[in-house]
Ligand SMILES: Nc1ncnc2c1ncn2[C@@H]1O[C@H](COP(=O)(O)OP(=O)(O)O)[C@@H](O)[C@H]1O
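We begin with a single chain expressed as structure tokens, specifically the form predicted on its own.
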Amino acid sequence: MDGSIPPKTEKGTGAADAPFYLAQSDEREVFRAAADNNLPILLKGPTGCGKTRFVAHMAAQLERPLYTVACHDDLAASDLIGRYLLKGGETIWVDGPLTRAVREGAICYLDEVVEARKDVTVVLHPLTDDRRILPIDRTGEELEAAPGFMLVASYNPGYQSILKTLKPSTRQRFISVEFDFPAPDVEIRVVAAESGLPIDRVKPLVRLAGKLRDLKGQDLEEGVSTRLVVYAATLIAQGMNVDRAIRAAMIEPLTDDEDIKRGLLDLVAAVFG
């Protein structure tokens, strides 16, 4: 028996409770078309640009249950499919989140799918073509996906390496939508809505975020995410000093190098005066 702990999952539905999401382009229309035609979809984009929020928003809009799995190095196919567990002196089968989604006709979202072990992608293949089946070797079942089942995966191409990438044979089983950080006018509206900070006070934060993103590949491995801008704005809205909020939410998370941090703080001073 595999004794590893199954991944955490989330489940929810209801269009009235849809998380706030401001579209950047036609991603909602593409997602709906994929859902209507039983097509799997792959979301590509940098960390913190809204991919996970988008999936939660669309699941609520479509009124479908959602199982979210945060993929990691130790995530194996058995974590998604299920396993036999000892319970009350008996050995019982417990479905994993992917199996539950297949049975219920729910959306299964694999966040950062390239982080999972390679046996995970093998399990996904029969669910991403016209068969739409999930073989469960341990129980002898071959589940046909219930109406409404949808497979969604995401990853950050900027973090790809030789050891962690999706094979072309896997990528070509999905339709794909590319995400990026929102345009400034859109990001300002998102940050203001999420944090409660007035738009005129959000504008310099978004301007700073753009300048920090320009440093990606030079002093920084990754640009500041929209998520971090929201964190900074939230701290400011709660009364924290602007400089302290920016340092805590937009500088410290980006680097541990003291020289680089000093350079970034000089940039903050230039933007905020």
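Counting begins at 1, following the sequence as shown. Please read all numbers here as calculations on a predicted model, not as lab measurements.
FYI, the form predicted in complex with this ligand isn't displayed, but the following is about it.
Trainee: Among 104, 194, 95, 115, which has at least one heavy atom within 4.5 Å of this ligand in the predicted complex?
Mentor: Exactly one residue meets the criterion: 194.
Trainee: Of 42, 230, 208, 66, which one comes within 4.5 Å of this ligand in the predicted complex, counting heavy atoms only?
Mentor: It is 230 that has a heavy atom within 4.5 Å of the partner.
Trainee: Would you check, heavy atoms only and a 4.5 Å threshold, whether residue 223 touches this ligand in the predicted complex?
Mentor: No, residue 223 stays farther than 4.5 Å from this ligand in the predicted complex.
Trainee: Quick one: does residue 190 come within 4.5 Å of this ligand in the predicted complex, counting heavy atoms only?
Mentor: Residue 190 belongs to the contact set for this ligand.
Trainee: Give a yes/no on whether residue 22 approaches this ligand to within 4.5 Å in the predicted complex, heavy atoms considered.
Mentor: So residue 22 counts as contacting this ligand.
Trainee: Hey, in the predicted complex, is residue 47 touching this ligand, heavy atoms inside 4.5 Å?
Mentor: Judged by the heavy-atom cut-off of 4.5 Å, residue 47 is in contact with this ligand in the predicted complex.
Trainee: Could you tell me which stretch in 52 to 60, 211 to 219, 32 to 40, 242 to 250 has residues with non-hydrogen atoms within 4.5 Å of this ligand in the predicted complex?
Mentor: After filtering at 4.5 Å, what remains is 52 to 60.
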